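Only one chain comes next, encoded as structure tokens, the form predicted on its own.
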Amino acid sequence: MTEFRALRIHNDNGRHRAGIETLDLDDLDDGEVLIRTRYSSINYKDALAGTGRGKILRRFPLIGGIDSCGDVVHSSDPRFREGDQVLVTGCGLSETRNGGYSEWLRVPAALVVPLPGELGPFEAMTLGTAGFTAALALHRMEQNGQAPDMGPIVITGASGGVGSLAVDIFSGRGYEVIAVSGKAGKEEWLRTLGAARVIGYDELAPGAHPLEKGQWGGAVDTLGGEILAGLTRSTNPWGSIAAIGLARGMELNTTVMPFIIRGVSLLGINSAGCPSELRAKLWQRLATDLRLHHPEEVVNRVVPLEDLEGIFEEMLAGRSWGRNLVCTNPTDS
């Protein structure tokens, strides 16, 4: 019997409980592919799930972690062989299925993406769901006609995981990136990632008119609420706004004027539900034309499973920045 460690989340009659437990393979879900994991990452959604402050999990108990990368140990699906390096992001991990904060993971083959040869496990999880989401935002915006000559792309929450990766990815595609951050002391770091300018949230005042002066060619918004509403009013004609998160609120109080007068497009980014064909295509792009230019600068720290809960609290308190990775097997640290 193979025993392993994992961060497991419980709901005991409405009371949240999470911690490192020793499990065996029978505790994993069914699936054709068994993976010995190497790395995972820490996302805002993981922090909500791990602390019980967001209704993320739909069954209990469940292993947390929406990302995982590792080596195939066994597969009954001919598409994968022992030793193949693979990744799984989103797809119900830490929601309806056991997730990546575990030394082992078993999933259906349909959820597994072969690791592009140009990416190693560490860089793959430096990207993880956050990087995939940023790439999906770029893909949808460019499908909708976004181009660098339409003006600067403003990225909110630029010091966070999705935001910092979006700064790198969009600047690498030739966009002038305006990074918006409320974290003191991160201006030079964001410029290193590719930001042409770093501004505070006071410079994104939503204004009182249905249409404000156009300032941005487009936007990637991780915050929602009044920040997103203000962006709809200040985006240039035909610009696209990729809506990714709701850290500042789920309400959107605006008018139809930006959409019918300026032709602004609001694009919802749902990385968890991305079709498998597009998912595989974007991971190939993340290993080629969208590959990070500054991967070593994006990573804040790498921690063991035991340190997860402390980082969850930092993230929800707004004290986290960049990408925080998890080494799920100590032999890979």
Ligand SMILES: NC(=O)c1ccc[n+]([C@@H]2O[C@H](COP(=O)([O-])OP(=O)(O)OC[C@H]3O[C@@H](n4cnc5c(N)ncnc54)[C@H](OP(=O)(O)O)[C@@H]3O)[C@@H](O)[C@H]2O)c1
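We number the residues from 1 along the sequence you see. All values derive from a computational prediction rather than experimental measurement.
What follows is about the form predicted together with the ligand, which we do not show.
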Spot the stretch among 115 to 123, 71 to 79, 102 to 110, 177 to 185 with residues whose non-hydrogen atoms come within 4.5 Å of the ligand in the predicted complex. 177 to 185
Between the options P152, G90, G245, G230, which residue brings a heavy atom to within 4.5 Å of the ligand in the predicted complex? G245
The ligand isn't shown here, but in the predicted complex which of V86, A135, L223, L204 has a heavy atom within 4.5 Å of it? L223
Every residue in G157, S271 and L316 with a non-hydrogen atom within 4.5 Å of the ligand in the predicted complex? yes
Does the 4.5 Å heavy atom contact test between S171 and the ligand in the predicted complex come out positive? no
Taking the ligand as it sits in the predicted complex, is W283 in contact with it (heavy atom to heavy atom, 4.5 Å or less)? no
Within 4.5 Å, heavy atoms only: does N43 come near the ligand in the predicted complex? yes
Given that the ligand is not shown alongside this chain, does V162 nevertheless sit within 4.5 Å of it in the predicted complex, heavy atom to heavy atom? yes
